[in-house]
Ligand SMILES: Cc1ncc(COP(=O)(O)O)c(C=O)c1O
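Shown below, as structure tokens, is a lone chain in the form predicted alone; questions about how it binds or moves come after it.
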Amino acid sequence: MEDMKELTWVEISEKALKANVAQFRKLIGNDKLLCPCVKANAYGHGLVEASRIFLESGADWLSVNAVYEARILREAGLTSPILILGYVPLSSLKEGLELDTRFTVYNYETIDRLSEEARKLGKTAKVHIKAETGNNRQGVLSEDLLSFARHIQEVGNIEIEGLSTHFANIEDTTDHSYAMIQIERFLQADQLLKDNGITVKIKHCANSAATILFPKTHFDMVRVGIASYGMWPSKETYVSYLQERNSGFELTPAFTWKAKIAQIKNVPAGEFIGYGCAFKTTHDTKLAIIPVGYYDGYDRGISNNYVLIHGKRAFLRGRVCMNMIMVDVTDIPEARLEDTVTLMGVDGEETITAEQFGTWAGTINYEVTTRVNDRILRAVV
């Protein structure tokens, strides 16, 4: 695994991450909590590396998907509040308490076990009820919300600290009528609790798109995800921003993926390259072998697009392999063994963005960066 650190690596721009935090702080003000989402290895940017930079730059909380992510952050010495967004198995609730995390809750079984474990540890668990408003994933249905909240109060050793929800399509369209319905349902859920003597300290529902587009969704905390890393949630979000706000808000991508040339060889005209004999040369070709493939997160569907070498486009030849790709450097005579290859990022005047990479692979920028194998070194630059 050590040799892979020398063959392919990801560079994370500290300046870019700090700039994005500053943009969001300016957007939401100092009276709202800023909670970057660092699940999925910080969207591929390195869990500990990105989290540390976010906190040093003024973020207040961190949100993760699972207990193991919280454990890694605590072992790295990070002491900020951590909210676990995903499901925590009953057997892992004790560890979550010991790590001083907050829990997103929606099951009675979780509440009962959490109360029991908190009592044994002499702690008070802090929970955030997930209200179902129309995404229909995790969440408590509106007709069950009050009884669920009362049950939490009755079992003891648990504080209802937060109320949250998640949007279904706020970033997928320029028509935000459904998101407005969800906001109204969320407000109704909060009012229902208030009317019955249950006041929640922290209300939060804003993901990246909501935070950027709709100040009324900021409430007490925003959970910014992909935009924390300098990527727009979608083209639709960007278009909506230009139409509705266009207030000078900017995002700076922080992710660059690089590799080294492992071999350069001359292939005669009429030769096949790679599995399935999918590509046949029509002229004498100078070929560079790059030690990265679909195991590393370089999507197999990217075949016939390009990487950057010496600021020039070098097109893939043949299929993406498990651990290798082959690119044409016939028109890059200066290419040499172990020269740097930019798989994603800027090289000279050329750029391969996560969005472009996603288009090649038939997916979205979220998947592009999160799928880059987490064993690959993340180097903060």
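The first residue of the sequence shown is number 1, and the count goes up from there. Only a predicted model underlies this, so the values are computations on that prediction, with no experimental measurement involved.
Beyond the structure shown, there is the form predicted together with the named molecule, which is absent from this document and is the topic of what follows.
In the model of the complex, the named molecule sits beyond 4.5 Å of every heavy atom of residue 162. Under a 4.5 angstroms non-hydrogen atom cutoff, the named molecule in the model of the complex lacks residue 254 among its neighbouring residues. At the 4.5 Å threshold, heavy atoms of residue 312 stay clear of the named molecule in the model of the complex, well away from it. The closest non-hydrogen atom of residue 171 lies within 4.5 Å of the named molecule in the model of the complex. In terms of contact with the named molecule in the model of the complex, the residue from 207, 133, 101, 217 that brings a heavy atom within 4.5 Å is 207. For the residues 53, 344, 329, 37, the 4.5 Å heavy atom test against the named molecule in the model of the complex is passed only by 37.
Of the candidate stretches 223-231, 118-126, 268-276, 87-95, only 223-231 has residues whose heavy atoms lie within 4.5 Å of the named molecule in the model of the complex. Judged against the named molecule in the model of the complex with a 4.5 angstroms heavy atom cut-off, the residues 25, 238 and 245 are out of contact without exception.
Along 134-170, these residues reach a heavy atom to within 4.5 Å of the named molecule in the model of the complex: 137, 166.
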